[in-house]
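The form predicted alone is given below as one chain in structure tokens.
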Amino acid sequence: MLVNSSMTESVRLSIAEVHELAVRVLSHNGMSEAHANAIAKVIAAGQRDECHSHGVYRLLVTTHTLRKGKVSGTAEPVVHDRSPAIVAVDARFAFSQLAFEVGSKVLVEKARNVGIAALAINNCFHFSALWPEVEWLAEQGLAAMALTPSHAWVAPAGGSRPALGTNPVAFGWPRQGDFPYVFDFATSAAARGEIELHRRAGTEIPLGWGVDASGLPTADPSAVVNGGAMLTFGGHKGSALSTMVELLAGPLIGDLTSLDSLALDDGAGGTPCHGELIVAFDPKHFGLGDGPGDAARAERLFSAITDQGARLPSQRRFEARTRSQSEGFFIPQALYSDVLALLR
């Protein structure tokens, strides 16, 4: 049940309600049931974990891309079994989530057979975080990493013109208990969605996130997205990592760079189109036969971090997940209204 809070400033939703809303919006805008459900899962998961820039807000982006005719809402992914350790899935210019659902099952089987395996998703539109992919693989007992480019929104270190994408990197490690070890971060100083949320809210961004059209540091999110450029984190280190992502999830798998993706978009303002690379590792193949001992060493490392008051990555997400599962969550009324308008 929807409950208005704080004098209609926000709306309370449950995880199930977000999933149902996402399916309705996407189906209404021409997406097949299989695609709509695959995307609704990651949108609901993003909102559940309070990843606001990858939750309900993304319905605006995906629907805009659908309406521009840039993405197929119905194309069925095609699996290509490349080798004992490589599977490729042609998303056929649809969103990546259904392609991952299909290809990940083959990826797990190959990783368990060979020890290490890769999934290349080609010709896909990718709008979500990468942690859903690596977290699911960690739940299967596999370590995993995922890489993907985006649109060329980010200037390289020492430059002021966009050449790189936000280019996230994600990693998952299996653990006993409720949650694996997971990190997922953009190689840009902030995710594009975070800047867009500041722009929608009319609030400033921290200095260091981007520059304006003249290459000068700015706290104005509109100046960054309209003619300016985002910046990498960590200067030249983030810039080098971002370039690595471009190469491994672009030319290596026969797909587009962020520059290519932006050119393909041709001003439509749609979701980036490119490839995604996911690599899975089976600890049972890599170890020397002492699985419990290996797991214990990993746990000692995690304890050495947390025992001194430091936080493991994704802990905030997992805490938010626990709250959301019992209490639901709030989204801004203005955003909820914008999403409902997509049903008209």
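Only a predicted model underlies this, so the values are computations on that prediction, with no experimental measurement involved. One rule holds for the numbers: they count along the sequence shown, beginning at 1.
In what follows, reference is made to the form predicted in complex with pyrrole-2-carboxylate, a form of this protein that is not presented.
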Open item on the list: Is it true that H54, H126 and T166, all three, sit within 4.5 Å of pyrrole-2-carboxylate in the predicted bound form, judged by heavy atoms?
Closed with: yes
- [ ] Would you mind picking out the stretch of 84-92, 135-143, 71-79, 190-198 that comes within 4.5 angstroms of pyrrole-2-carboxylate in the predicted bound form, counting non-hydrogen atoms?
- [x] 190-198
TODO: Report whether the minimum heavy atom distance between G228 and pyrrole-2-carboxylate in the predicted bound form is within 4.5 Å.
DONE: no
Open item on the list: Whether S150 contacts pyrrole-2-carboxylate in the predicted bound form should be assessed with a 4.5 Å heavy atom distance threshold; does it?
Closed with: yes
Open item on the list: With a cut-off of 4.5 Å between heavy atoms, is G172 one of the residues that contacts pyrrole-2-carboxylate in the predicted bound form?
Closed with: no
Open item on the list: Since only the chain is shown here, I'm wondering whether R48 would be in contact with pyrrole-2-carboxylate in the predicted bound form (any heavy atom pair within 4.5 Å).
Closed with: no
- [ ] Any residue of 251-280 with a heavy atom within 4.5 Å of pyrrole-2-carboxylate in the predicted bound form counts; write them all down in order.
- [x] P272
